[in-house]
Every structure is written in C-alpha cells, then in structure tokens.
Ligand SMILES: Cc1cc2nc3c(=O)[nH]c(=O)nc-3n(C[C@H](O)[C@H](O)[C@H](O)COP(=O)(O)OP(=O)(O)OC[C@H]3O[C@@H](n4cnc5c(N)ncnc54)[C@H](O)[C@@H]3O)c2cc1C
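Below sits a lone chain in structure tokens, taken as the form predicted on its own.
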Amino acid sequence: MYTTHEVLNQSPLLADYNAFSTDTALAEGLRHYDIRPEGIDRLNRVGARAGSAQVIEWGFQANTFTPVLKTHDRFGYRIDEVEYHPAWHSLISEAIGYGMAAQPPVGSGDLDSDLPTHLERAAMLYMWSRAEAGVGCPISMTYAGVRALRLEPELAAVWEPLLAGKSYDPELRYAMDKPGILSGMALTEKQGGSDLRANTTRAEPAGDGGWLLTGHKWFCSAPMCDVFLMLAYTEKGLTCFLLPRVLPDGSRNAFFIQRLKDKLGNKSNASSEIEVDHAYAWMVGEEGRGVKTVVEMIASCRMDALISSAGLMREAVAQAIWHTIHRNAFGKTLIDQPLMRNVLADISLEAEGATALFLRLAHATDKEGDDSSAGQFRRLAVAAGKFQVTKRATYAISEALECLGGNGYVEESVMPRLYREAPVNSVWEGSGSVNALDILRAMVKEPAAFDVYFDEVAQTTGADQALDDAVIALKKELVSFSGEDDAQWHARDLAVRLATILEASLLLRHAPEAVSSAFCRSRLGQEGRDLLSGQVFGTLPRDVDAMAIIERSAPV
C-alpha cells in the first residue's frame, strides 16, 4: 500500500470509558442527596454502556441512517409507519430497560428497588444523552405523560403499568398486547405554536364514553409511539385526550402522518406533521381544562430538556479536554497552553453549574409529593434553569468544538452532532421567551415560589460577596418593575440571574472552592454580569430605542 507519511499527533478515540465514574461533578454531586446503593450500582452500569464503543457507534449509525416515512404498503393500503435503523431500536431498548421512561410514584411510599427515583433517572438520562440525545424525546414524553394520566385514575390504572414497562416492542399493534409501550404528545398546531388556546382541533362524543378527534398537529415527535396525549376543543373548551395508534380490534386509528420534519438536528428522532380524522380517544382530566392537565407534563419535559443540554455540554467538554491532552502544538500539548486552559476551565464551569442544577431539581421532584415547597421551588427553578442551561449549552459546545480545530468541524467527529442537537432543547416545550414569561406569571400567581427560592440560596449567605450582592440586586429588581411591559422587557435577564445565582449557591455548597470561587467571580458581580449578559440575547438596557435599531435591519 502506497503511503506518503506516518499519522502522528492525532488524539485517540474517546470510547470504552465509564460516563459515571469519570464524571467527577456528577458522582460527587449525587453524594449530597439521598441516593440509594442500588441507584449507584445502576448508574455505574449505565455509565459503562453510555461510554462504550458499541453505544457510541449506535449513535453515529442512528444519525446517518435517519427515519423514513412509509405512508402506504406495496398494495396501496395506508399504514403510516416510520422505519428506523436498528441502532435506534438498540439505543431506546437499552434506555427503557434501565427504567429511563418510568415515572416513580408520588410521595415517600416504598419504591420498588427495580424502579429508579427521579434523581437516579435524571442522572441516567444525562449520561445517555452524551451517547445519543435523539432517543430522549420518546423517553421523556413517556415519563412525563404519566403525570397527566394520573389525573384520570381509571386510565392511569390501565396504562401506567405499560408505560413503566422495561420491555421495548417497536411493532405497531394493540398496546394491551405489548409488554411495554411508549407515549407521545401532539399539542401544537401551525397557527398557534406555544399559544395552545389557538388550536382548532375538535372533539365530539363517540357515544360510548369515548371521543372522536378531528384536526391537525404541526409538531408530533416520535410518531411511532403507541399512545398520544392531544389537545382538542369540546363545547366546554380545550381538553386533553389520550389517543391510541391501534384500536382494540387491531385496526389502525385515524391517525395520519403527513410528512416528517427536515430538522437542523435531532436527526435520529422522527418529528412529524399529522392529521386525525374522527380518531378515537379518551378524555384525560377535567373537560375544558386541557392546559391545566398538561402543565405538569410540560414541566417534566422542560426538565428533561435541561438535563439533555447538560449531558450534551458535558460530552463536548470531555471531547475537548481529551483532544487537548493528546494534541501537541507550538512545542507543548494544547492543554499546557495558558489560553487553552482558560477556555477549557470556563466551559467546564458551565457544565458543572448545569450538573449541580439538574441534580437539585431532580431531588426536589423526588420530594414534592411530601413537601409543597419542593414543588414550588421546582416550578420556578425549572423555568429559569431550562432557559439558562439550554441557551448556554450552544455557546459552550461551540467553544468546545473550536478546541478541536478543523477536526471538530467534520462529521466523523461527534462535535457537529452535539452542536446541532443543542438548540432544539431551547425550543422544545416552550422557547426561551415562553419560559421567561412563565417566571413573570409565577410572580403574580405563585409569589411564594420566590420565597422558597430565596430560602434556598440563603443557605450560602456570607460564603461569597459577589453572590450576596447578586441576591440583593435581584430582590431589588423584582420590586422595581413599573408595569407588565417593563417586567417583560427584563424577563430574559431575570431568568439568567435566577438560574446563575442558584447554580452559584449550589456550587458553593457542593463543589470544591476552586470551582465555586471561579464560577462566582466570572459570572456574578459587575464584571461577570456584563460578560454573561453579553452572551444572552434579549438583555439590553430598558432605555434603548429598540425599534430604531430593528428598523435598520428590517428587510422591507
């Protein structure tokens, strides 16, 4: 074989490592919560698989051979099926087998040792997202959907055991004949998006206690799921329904996949546009209170978006550090160059803050059945954390990609996939601005949530002056808004401050001084605030002439 050179100075493949034991921030962070010995054992097993060469290869295959829509069979019959590469099925099968799609019971009752707590599940999803985040969508929807179903005990008694099943069966057949099933959701429509009350899908009684739904859904991810939670209007208003893909007699429900979305990222997961035409469904929750029914489900999905972003960030940081350890330039390894160390340390701080935040929120989820304040804290902190972490992930991954130079920009590297995947978490289950508006809504409807939040960060009062000053400034800002428009103008900045202060407080409690001090110095205080605000769009001073600026760039 003809060769012109010897391959030198290339970093080896990062594979066959344990994503749990090698993640110091995760392993140490979990020690501060009441995680069970069997939970640690489970996380070690998941970590070994998530970092294995086989699972990493599955991730590449699932993104290379993307889902294909089959609307009809060869005889012309409508089937509305999506074909996935075997790697996708392997990834989701293992994840379900570990219990990542299962929703633990509410409260402090005895938990089956075979079922993970919310904290354990969050850590598993975080590690699995490092290998391939696309499978997180159906896993998250299955996990979150149970929250809505529990409002209808009779339905929950039938469906929850199947949704918690640890066996994966991809065949499209009657759900009751399967050992485990997946749940999707189809809420938004093309004319409304996040404004769910703009939906037009209608529901009419079927005459046997069920309902018939007719309309469209603009985004329906993972359309191969067995059941879907949907919103439709009855005479009493917007209502939630559970719609099966296959009916008890084995026939297909009137659920039609019009096309698959051609997305920026999240390629391994199919997202679709669907129509339903008198499709059979059961009502979930109170008629006319559909938005209220799905609120907790959406909050759980937002939490998973935060977790996934933290996982993507952690993988990008690990890849960057791994490369710079093995790569030489200008007479030194890259990691020995002061400028490179500055970059690596900064993105590592971002990943540590996100890890500490999702662990605290998962712990609060475990406690909310017994402690109302835990639920209040979670509702506010998830909105702020989802805004902050999903946005910061894109910046951090971009910097990590650059650490690999041209090697990080090619598809043979995992970095482009991580970078493309990051923005979807900011969009899913409410964009950044929707989450920021939820924080303002909490100021009016749940002011006690802010009391719980400030009690949380008060645990580190006196530990860092920059943090103390930031908390005082935040409290002043919360009472300074001159009206709804003024509050909305500052909503994004408020979300950043709420999340960053909470991350700083958690790191002061749970991380070494080198980490917590650097985080506070770089992200709090005036210097840190100016730096951070400049990296989050939508945080301009109130007195700027926004329209004068916008009009200069308008294409008309």
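One rule holds for the numbers: they count along the sequence shown, beginning at 1. Worth saying up front: this structure is predicted, and the values here are computed from it rather than measured.
Just so you know, the form predicted together with the ligand exists too; it's not on screen, but the next bit is about it.
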| item | value |
| --- | --- |
| Interface stretch in the predicted complex with the ligand - options 281-289, 181-189, 205-213, 158-166, non-hydrogen atom within 4.5 Å | 181-189 |
| Sole residue of 97, 193, 170, 416 within 4.5 Å of the ligand in the predicted complex, by heavy atom | 193 |
| In the predicted complex, the residue from 430, 408, 104, 244 that sits within 4.5 Å of the ligand by heavy atoms | 430 |
| The ligand in the predicted complex reached by all of 263, 424 and 434, non-hydrogen atom within 4.5 Å | yes |
| Contact label in the predicted complex: residue 398 to the ligand, heavy atom within 4.5 Å | no |
| Exercise: residue 220 in contact with the ligand in the predicted complex, heavy atom 4.5 Å | yes |
| 4.5 Å heavy atom contact, residue 271 and the ligand in the predicted complex | yes |
| Partner contact for residue 122 in the predicted complex: the ligand, 4.5 angstroms, heavy atom | no |
| Interface residues of 118-156 toward the ligand, as seen in the predicted complex [heavy atoms, 4.5 Å] | 141 |
